[in-house]
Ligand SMILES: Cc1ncc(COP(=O)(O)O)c(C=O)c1O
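Heads up, the chain below is alone and in the form predicted alone; it's given as structure tokens.
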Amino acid sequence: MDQTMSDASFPIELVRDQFPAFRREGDIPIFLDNPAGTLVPQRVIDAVGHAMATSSHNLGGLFAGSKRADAVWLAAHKAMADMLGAASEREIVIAQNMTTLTLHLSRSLGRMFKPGDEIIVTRMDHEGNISPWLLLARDLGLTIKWLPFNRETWRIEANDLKPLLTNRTRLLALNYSSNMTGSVNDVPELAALAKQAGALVYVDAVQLVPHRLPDVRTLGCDFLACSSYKFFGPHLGIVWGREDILLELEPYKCRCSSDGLPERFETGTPQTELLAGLSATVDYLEWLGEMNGYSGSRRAKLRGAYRSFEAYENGLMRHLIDGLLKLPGVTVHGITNPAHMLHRVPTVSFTHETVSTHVIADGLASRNIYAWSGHNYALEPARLLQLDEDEGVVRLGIAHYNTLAEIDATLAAIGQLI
């Protein structure tokens, strides 16, 4: 692997030093389970602990502890507004996880729909952006239309979306990047088509945000969801929504709860300690931008961080895919053409013609290499690819703290196992 592929300028040792998981004694695991959840840096752990010690109070009180909790809550929303490119923190809704938030918001969105209205869901999405809409359609008598992804490009194509759009289309539920194939969709193009038909667009960006920085004001969508535990933070879900639409929606909340934004969609007592960890997560990414020579606003530093580690991750991804393709009997389910790598993130799934995915994952686990097997809630992609739903794929997900040596060790282990 040459210097261009590995991006030798990326400060990988300094990065790994931020994560306690790499400081333990003994045999350090190879963490390639990142699409399911990433490691967290020390500053996130410290922030959670400090908030639990000093700010574990409800919001809105007149005493000092509650005021500290108020500040933690506001800082987290402002941090995520900067990270996603939102107009203000009023557009940021934070709760337990992306699936819970989507289920919750779907109830409010459903009040805008009538029996016979249509929702388009894709054969590429995680169940968290499919099941909420299937349940809503069942309850309200809506029509579900299924949008496949193209087996040659591995992406959702505009020509497949256009025939599904009608004057009854009310919502397109779309993922930005697949949690099985890693493919990245052209959200601006697809959102523009849906908006021309008068539909709302709800984007699941859970798998994109660990690798690329979105700018919600340029995408043309109405909602964008992500999960901080996928991008080096605590277990929280975040949804950005256009303020005008959030104000229009009727919230499902307690009668005495605030009707302000975003509080009207954040039910119950907030997880203050995790919100402190969320702010620290954005701080870490901002620090990484500074370490790579970027300055200016927080958003500018975040862009710099993503530019630096996207190049580094892409080098590891190409090395992993090239190595897998050389192994006999292995099929990589996703983009493998070097010319099209910009259309995917470093989530790489494969199967073997004779060896079970679970056997491979178990063999990797015995060698202290973390990987997932099965459909991983990508049920529809597994069906479209005609994979056994229980077997699914072996999924390897690269993060910017992984190394070339880890990729080589993983390839060697897979070679032994098959």
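The first residue of the shown sequence is 1; numbering continues from there. Every value quoted in this text rests on a predicted model; they were computed, and no experiment measured them.
Beyond what is shown, the protein has a form predicted together with the named molecule; the following relates to that form.
Just one listed stretch, out of 115-123, 254-262, 96-104, 280-288, contacts the named molecule in the predicted complex at the 4.5 Å heavy atom level, and that stretch is 96-104. If you check the named molecule in the predicted complex, you find no heavy atom from any of 333, 349 and 373 within 4.5 Å. In summary, among the residues 154, 73, 229, 133, the only one with a non-hydrogen atom within 4.5 Å of the named molecule in the predicted complex is 229. 206 is the sole member of 172, 206, 275, 80 with a non-hydrogen atom lying within 4.5 angstroms of the named molecule in the predicted complex.
Among heavy atoms of residue 181, none comes within 4.5 Å of the named molecule in the predicted complex. Taking the partner from elsewhere, residue 35 is found to have a heavy atom lying within 4.5 Å of the named molecule in the predicted complex.
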